[in-house]
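This document opens with one chain alone, in C-alpha cells, the form predicted alone.
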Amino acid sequence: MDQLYGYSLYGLSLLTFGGIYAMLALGLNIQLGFTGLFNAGIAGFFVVGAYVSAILSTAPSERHIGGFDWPIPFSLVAAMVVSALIGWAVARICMRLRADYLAIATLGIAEILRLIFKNETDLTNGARGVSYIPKPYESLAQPWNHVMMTVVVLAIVAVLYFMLERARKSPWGRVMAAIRENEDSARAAGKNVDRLRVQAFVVGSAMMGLGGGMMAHHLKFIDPNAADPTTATFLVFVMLIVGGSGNNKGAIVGALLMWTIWSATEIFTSMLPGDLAIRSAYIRVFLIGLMLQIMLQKFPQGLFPEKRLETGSSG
C-alpha cells in the first residue's frame, strides 16, 4: 500500500512538472511554431517570472526585497506582465534579426538576466535564492495538497490550450503562419509584419513567465540555477520538436512525454557506477539527444504534425 501511495505521488509530480513545461512549450510554439521566431532565451523569461512571483508573494525577509504577501494569482499575473514587458523590449531591439542571429541575441539576454539575479544579493539574495515561497493548497492534508496543485497546473494548461487553438484558427493565426512561411508575401499583402512578430514574441514570453512563476510556487524555492539553458531552454525545444512544432496539442504531449523520459534518465543514471555517476548530467543530455535523433527519424514533423488550415474558411 505504501508503495502504491509512493507511485501515486510520483505520478502527480510528473503531471505537475510536465504541465509547467507544457506552458513553456506552448509559449515557444507561439513564437517558433506559429511565427518562426527562434527564441533561445526561454530560460531568461522563465526565471524572470519565477523571481517576480516569488518576491511578490513571500513574507517579509531580510535576505531579499519583498515581503508583499500578494495572493498567488496576483503574483502570477504580475510575473506574466513583467515577462511580457521584457519580451517587448527584447523584441523591439532584436526583431529585425533573423534565425541564428535572433537565437544568439536572445541567448545572450537570458544569460544577462541570470547574472543579474545571481549578483544582486540585496534584491534577490544572490546565489542562495528565494525560499519559503507559498504553494497553492499547501495547507491541505496529504495527498490532497499534491492533487490540488496538479489540478491547478493542468487547468491552466487546458485554458491556455483552448485560447491558443482559438487564436490559431482565427485570422490572426493565419497571418502568423503566412509570416512564417513567406514574410515578403505577407508584407506585400499589406500586413504589418514587425508589429505582429512583436505580438507573438510578447505573448510567448508572458506564458514563459507564467511557467516560471508556477515552478517557483511548486518548488517553494528559486535560485539563478533555474536559468540553466539545459533544462529551461534545450529541453523545451526538444519537447516542442518531438510533440510537433505548430501544433498546440503536440506541445503539451511533447512536454509530458519528454519530462517523463527526462525523469526516467535520472533514475537510470543514478544506478551507474563510479565515475559514470559523477557525469550523470552529461549522460542525461546525451540520452535525450539520442532519443531526439531517433524520434526525428521516425516522426520528422513530430508526433502531432501541424494541421494546415483551409484558406477558404478564413474570416
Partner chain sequence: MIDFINFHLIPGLVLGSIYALGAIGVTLTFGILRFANFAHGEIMTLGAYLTLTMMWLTGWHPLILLPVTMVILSLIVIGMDQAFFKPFRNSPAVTVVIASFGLMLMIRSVTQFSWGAQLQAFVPGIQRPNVFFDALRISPKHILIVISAMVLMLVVHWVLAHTRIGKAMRAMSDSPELARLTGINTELVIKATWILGACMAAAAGVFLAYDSHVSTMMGFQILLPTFAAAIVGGIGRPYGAMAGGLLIGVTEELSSYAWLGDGPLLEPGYKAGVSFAIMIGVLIWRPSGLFRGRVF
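A quick note: this is a predicted structure, and the numbers were derived from the prediction, not measured. Positions refer to the first chain, counted from 1. For clarity, a rigid core is taken as the largest C-alpha set superposing within 1.5 Å between two forms.
As for the form predicted together with the partner chain, it is not shown, yet the points below apply to it.
Determine which one of 233-241, 67-75, 168-176, 192-200 lies within 4.5 Å of the partner chain in the predicted bound form, judging by heavy atom distances; exactly one does.
Heavy-atom contact with the partner occurs in 233-241.
Whether L97 contacts the partner chain in the predicted bound form should be assessed with a 4.5 Å heavy atom distance threshold; does it?
The answer is yes: L97 has a heavy atom within 4.5 Å of the partner chain.
Heavy atoms within 4.5 Å of the partner chain in the predicted bound form: does S185 have any?
Contact with the partner chain, no.
Wondering, does A158 line up within 4.5 Å of the partner chain in the predicted bound form on heavy atoms?
No, A158 is distant from the partner.
With the cut-off set at 4.5 Å between non-hydrogen atoms, does G108 touch the partner chain in the predicted bound form?
Contact check for G108: yes, within 4.5 Å of the partner chain in the predicted bound form.
Option touching the partner chain, based on a heavy atom within 4.5 Å in the predicted bound form, out of V81, I104, M163, M148:
Only one listed residue qualifies here, and that residue is I104.
What residues of 8-37, in sequence order, lie within 4.5 Å of the partner chain in the predicted bound form by heavy atom?
Only L32 sits within 4.5 Å of the partner.
Exceeds or equals 2 Å, Cα of I283 between the shown form and the other one, core fit:
Yes, the C-alpha moves 2 Å or more.
Could you tell me whether the Cα atom of L296 shifts by at least 2 Å between the shown form and the other one after core superposition?
Yes, the C-alpha position differs by at least 2 Å between the shown form and the other one.
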